[in-house]
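The chain below stands alone and is given as C-alpha cells, in the form predicted alone.
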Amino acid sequence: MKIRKYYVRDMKEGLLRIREDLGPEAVIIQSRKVRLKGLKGFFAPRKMEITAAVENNSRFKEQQTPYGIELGEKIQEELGQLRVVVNRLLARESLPGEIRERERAELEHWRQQLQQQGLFDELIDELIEEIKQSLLGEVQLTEEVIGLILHNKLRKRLKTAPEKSSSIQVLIGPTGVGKTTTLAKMAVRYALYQGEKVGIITIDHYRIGAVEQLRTYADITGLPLEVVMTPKELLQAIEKLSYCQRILIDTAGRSTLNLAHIQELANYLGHLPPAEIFMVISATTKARDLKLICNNFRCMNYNRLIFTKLDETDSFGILLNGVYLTGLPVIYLSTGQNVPDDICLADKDKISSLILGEEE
C-alpha cells in the first residue's frame, strides 16, 4: 500500500493531486489544517494536510500472460467492491440510516454558517437534507467535503445571466438602495467600455437632488438626459432617444409598504415596449423585508435582479434568497460608490464563496 501526504490550499486541489498521483482508487485517510515549518510557514496561511493511500497492485501487473492479467484485474475489481461495502458499513456504524455523530457535528457547523449568512431556514433545511440523503455512507463527511458539496449545491441553485442588448432598461426598488448610482455605473459601463450610444431618462422628480445627481453624471460623460413627469412624457422621451442603443430609466424609490405609490409607478411602466426591468435590492436587507419587497413590487413585472451595497455587510445569504423567492437571475453586483468601477457581473462561484465564508 502506498501512503502519501499532500500539502494544498484546499480539498479541491488535494483531490486533483491525489487523483493524478495515486489514481482514482486512492482513498483519503485523514485531513487537517496545519502550518508549515519555518519562518515562512509561520507567516503564510495554513495549508491543508491530506493523507491518502492506495493499494499497491504492481504484483498483478508483473504477470505477463493473458490469464495472469485477467486474474489481476478480477482480484482488483473484487477488492474495490469489498472496500466500498466496508466503507458503507463503517459509515453507518451501529445506527443504520443515521449520520455518524462526528458527521452530524460537521453538518451542524455548516448549518450555523448558513444561518449567520441569513439564508432562509427552509432553504438551509433543504440543503442539509440533500446532503444527508444523497451521500450518507458514500463518503466521509468531513468539514472540507461538506464545504465542497455545499459550494456545488449553492452554485446550482443560483441563477445568473449575461448582459443583454436590450434597448430599454428600467431600475426599480425601495428607497435608499442606490438605484441612481447603479444606473450611472451601468450607463458609463455601456458607453465607455462597450462603445454604445446611451440615453438616460429619470422619472424620479420626487427626491430632492435626484435629477441634479443624474445631470452631473450626464454632463461628465456627455450622455443625453430626459426628465419626465407623466407616463405620456415617458413615451415621448423614449421616442426622442430612439437613436440610442440603450435607454436607461431611473425611477423614484418607493416605500415597500406604500402599495398606492408602487402602483402609481407601475402605471408609468405599463405602456413601455418590452424592457429589462431590474429590481434593485440592498444586500443589507433583512430576510423578512426581502419577502415584502419581492411580493409588493411584483405588479411592476420585474425580470432581473441587482444587489447593491455588498461592501456594507458580511452576510450574503440574501443573494440566494432573492433567487429562491423570485426564480429570477442576478445580473449585477454593486460593491461601492465609485462610478463606474464598483459594479460587476454576477458570478455563481463568487456568490457561493461569499456565502460559505471562503472570500474576504
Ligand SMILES: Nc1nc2c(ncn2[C@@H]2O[C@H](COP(=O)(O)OP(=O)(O)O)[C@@H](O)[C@H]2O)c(=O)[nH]1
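One rule holds for the numbers: they count along the sequence shown, beginning at 1. This is a predicted model, so every value here is computed, not measured.
The following text describes the form predicted in complex with the ligand, which does not appear among the structures shown.
Trainee: Pick from Ile201, Leu265, Val198, Val177: which residue has any heavy atom within 4.5 angstroms of the ligand in the predicted complex?
Mentor: Exactly one listed residue reaches within 4.5 Å, namely Val177.
Trainee: Of the options Asn296, Thr335, Ser315, Thr51, which one has a non-hydrogen atom that comes within 4.5 Å of the ligand in the predicted complex?
Mentor: Contact with the ligand in the predicted complex is made by Thr335 alone.
Trainee: Residue-level contact is defined here as any heavy atom of the residue lying within 4.5 Å of the ligand in the predicted complex; does Lys309 satisfy this criterion?
Mentor: Yes, Lys309 is a contact residue.
Trainee: Should Thr285 be counted as a contact of the ligand in the predicted complex, where contact means heavy atoms within 4.5 Å?
Mentor: Output for Thr285 is no: heavy atoms all beyond 4.5 Å of the ligand.
Trainee: Residue-level contact is defined here as any heavy atom of the residue lying within 4.5 Å of the ligand in the predicted complex; does Gln245 satisfy this criterion?
Mentor: Heavy-atom contact with the ligand at 4.5 Å: absent for Gln245.
Trainee: Check whether Thr181 has any heavy atom within 4.5 Å of a heavy atom of the ligand in the predicted complex, and answer yes or no.
Mentor: Looking in the predicted complex, residue contacts with the ligand include Thr181, since a heavy atom lies within 4.5 Å.
Trainee: So which stretch, 154-162, 168-176, 114-122, 268-276, is the one near the ligand in the predicted complex (non-hydrogen atoms, 4.5 Å)?
Mentor: Of the options given, it is 168-176.
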